[in-house]
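In the structure tokens that follow, the same protein chain appears in two forms, which are kept apart as structure 1 and structure 2.
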Structure 1
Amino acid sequence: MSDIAARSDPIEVRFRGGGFAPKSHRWVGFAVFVLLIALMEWGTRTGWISALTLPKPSDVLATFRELWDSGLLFKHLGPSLTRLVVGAALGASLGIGVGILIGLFSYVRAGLVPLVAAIFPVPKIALLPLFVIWFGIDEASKYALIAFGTFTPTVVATYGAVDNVDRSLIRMGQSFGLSWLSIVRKIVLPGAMPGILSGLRISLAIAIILLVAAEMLGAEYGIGAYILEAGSLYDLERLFAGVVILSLLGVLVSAAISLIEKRLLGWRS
């Protein structure tokens, strides 16, 4: 009887349905950055890394301090952020709208997909002289280049995300008598949102690259103009300071997309 009673006791089974949910280990990324910076500092101080190829991180930090104290940091950062926000907002919003139309309507798909496929592989930096001719050398050409460079990858990611929405969910909505608009609003758009946001990460990274290229041509202030000036003077400390600013800008953009994902995609957890 004791053996039977022992066998009838409930056995606790470890939960194995996590669904490959990622775990947050923010300290790991921070530790990697600290380790790399420490190695660079050690290598440049000991002479293992030549000072002609890589500056000391401490010297780059001193350059940041000089930029902050002199006010040049905000003189360069302000115009860059304005150009990035305006250009990327125009390109991404238009790209999402066109991508949704391509994903939903067959005639729009038949008309625009070949056009998008034709312009997508074109290097957008190569079009900068053309935009200067069309819009002038002032801000309009920079906005246009960033918007156009953001537009095409956003379109491709958006209509691809719409196409990948589970069709069984759409058929289920139709079987329950949902209207076309309700199916789009409650099934298609939420189902496509992960792919749209993933594409937006890539599009905004491209926007930062094009921002630097646009500012290297005819811009007095901006991170790209600052990097171009530092490179022409072979000032490695200032050059790497500009590169670090761009890296931090990319990290902030990625963090903003992550916050949007947590807010809009909480239903996945």
Structure 2
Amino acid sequence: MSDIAARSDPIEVRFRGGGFAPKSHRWVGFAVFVLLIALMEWGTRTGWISALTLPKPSDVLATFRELWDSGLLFKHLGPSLTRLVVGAALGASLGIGVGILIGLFSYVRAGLVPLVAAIFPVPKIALLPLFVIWFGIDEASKYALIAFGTFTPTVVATYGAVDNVDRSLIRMGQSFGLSWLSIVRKIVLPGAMPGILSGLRISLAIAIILLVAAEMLGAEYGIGAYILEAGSLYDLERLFAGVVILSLLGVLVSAAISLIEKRLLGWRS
């Protein structure tokens, strides 16, 4: 070894440990947004993008301002938010309930898991006419559609989360003679909470998607109805304004869940 070291020049060890470590670059995402919108604006202004292909972002903004000024925004947003809140609350709470039952009782699991698997892939939109017959054309059928759509993913996420609760914690609870209810309440539920919340993130996004579907039938006001109308009128400005509202709604819901996670799951690193 020392012979070799004496004979040849030392070579510095090459660094090869870089990359593969995610870092936070929040501004990049923002820059991509701005760049895309600027490109759209420039393209539509110069005519490089035809009026048929994309609306001018500034026109979309103007449409949005009109919506705001005329008060129509809240006339549309009000019913939509009500539908979203009622439907998602119904679906998610039922879903969490059923998911916990599946997670806890093997008979319930044996009975319901195949059923949930069977209804999960059913496009809920296809059932809309049926819901109209069952629940009427007014609000109830819209609640039902959104509730049904959020129910299945919530169930699957919840029982998965319950399954993933650290068994050693449950064993600990049993070894200290905790009652069944205490174990469920104090160990299983908080332990399943991260999984339930991340499932809720997906379920609520689905609820927003289904909002448009729910407002296909018999809705005069609502963001979904607004988008559908704009689509049928081929009014791209209104269409995009509506889509932007839905996107914002999605961002808002996601932020709300992050907030809940921060409060409830502060115990994680």
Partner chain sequence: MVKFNRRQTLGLMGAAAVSGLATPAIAMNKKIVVGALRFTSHSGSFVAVERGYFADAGLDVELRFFQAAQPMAVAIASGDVDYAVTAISGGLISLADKGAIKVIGGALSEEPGIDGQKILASDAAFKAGLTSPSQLGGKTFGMSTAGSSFHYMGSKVANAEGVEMSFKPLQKVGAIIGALKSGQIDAWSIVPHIAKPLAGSGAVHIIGDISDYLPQYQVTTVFTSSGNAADERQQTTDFLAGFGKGVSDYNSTMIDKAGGDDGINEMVDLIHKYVYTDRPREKAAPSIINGTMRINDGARLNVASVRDQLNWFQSEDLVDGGVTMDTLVDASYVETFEA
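Quick caveat: nothing in here was measured; it's all calculated off a predicted structure. C-alpha atoms forming the largest set that superposes within 1.5 Å between two forms make up the rigid core. Each residue is numbered by where it sits in the sequence of structure 1, with counting from 1.
**Student:** Only one is the form predicted together with its partner chain; which?
**Tutor:** Answer to the question: structure 2 is the form predicted together with its partner chain, whereas structure 1 comes from elsewhere.
**Student:** Please state whether S198 has a C-alpha shift of 2 Å or more between structure 1 and structure 2, with the rigid core used for the fit.
**Tutor:** No; that C-alpha moves by less than 2 Å between structure 1 and structure 2.
**Student:** Superposing on the rigid core, is the CA of I100 displaced by 2 Å or more between structure 1 and structure 2?
**Tutor:** I100: C-alpha displaced by less than 2 Å between structure 1 and structure 2.
**Student:** Cα of G173 displaced 2 Å or more between structure 1 and structure 2, core superposed?
**Tutor:** Superposed on the core, G173 moves its C-alpha 2 Å or more between structure 1 and structure 2.
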